[in-house]
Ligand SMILES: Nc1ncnc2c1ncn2[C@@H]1O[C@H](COP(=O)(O)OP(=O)(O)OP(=O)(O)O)[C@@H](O)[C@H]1O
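So this first bit is one chain, no partners, the form predicted alone, shown in structure tokens.
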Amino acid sequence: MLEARGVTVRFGGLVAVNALDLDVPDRGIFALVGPNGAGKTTLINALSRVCPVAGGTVRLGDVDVLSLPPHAAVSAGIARSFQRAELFPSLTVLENLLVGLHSTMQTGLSGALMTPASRTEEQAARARAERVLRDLDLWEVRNAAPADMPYGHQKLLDVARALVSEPALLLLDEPFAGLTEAEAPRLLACIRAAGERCAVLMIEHHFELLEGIAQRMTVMDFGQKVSEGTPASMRTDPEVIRCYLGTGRHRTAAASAC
């Protein structure tokens, strides 16, 4: 499904991701973990075309991802959430979701003319957006502005906008950060359901949460893959304990920005 080989990302003289290989099958939930500054978010940014890649290859099925312009990532089947919710403040909750569906719609000029085909597609898009809002308990605030909602609801909306496009590869950057205990179970159920339909690659610091849902973990440190395997095997891996599960160690300010 996703095949990344030798992916390298540099920011000036800093190598944030160093010749990393990654394989993600077409279904399931896969975790990307590691200490702060390991390069996890930078890797997600590279896979979603948010930041340039200095070297390596990334393929999603038959698609050469690195040949795509950034705006074409969703059309190619890649959707993502962000570490901090990135929403359109002038749009309602429902409209934010419909934006997430825009690149998946087939009608072009006919959409402006409101032909029968475009109306049917618009109705289907709206129904899909409404279903996701109900799944995440956001239906009651569908007409609200994102800025008027608690931060946890904004994070849910950011994930919902990624989910609504029904991607082949769903990239989630700390989706549970800022959620309350009441909000987390519904999001967890949605991520589980998404993993039955597509590949989910998620960054998450709650190791115990990942042990219950992830089929495999990739552990990074200083831009490199340290280890990979089942959550149970990662908990007892000496190198993973040293760099992530064990006591912290000093990390440079430059690395902690990645």
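Each residue number is its position in the shown sequence, starting from 1. Not measured: the values here are computed from a predicted model.
The protein also exists as the form predicted together with this ligand; that form is not presented, and the subsequent description refers to it.
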Can you check 23-31, 59-67, 38-46, 187-195 and let me know which stretch has heavy atoms within 4.5 Å of this ligand in the predicted complex? 38-46
Flag residue 206 as yes or no: does it have a non-hydrogen atom within 4.5 angstroms of any non-hydrogen atom of this ligand in the predicted complex? no
If you check in the predicted complex, is residue 75 within 4.5 Å of this ligand, heavy atoms only? no
Would residue 14 count as touching this ligand in the predicted complex under a 4.5 Å heavy atom rule? yes
Taking 4.5 angstroms as the cut-off for heavy atoms, does residue 92 touch this ligand in the predicted complex? no
Though the partner is not shown here, which residues of 51-87 have a heavy atom within 4.5 Å of this ligand in the predicted complex? 83
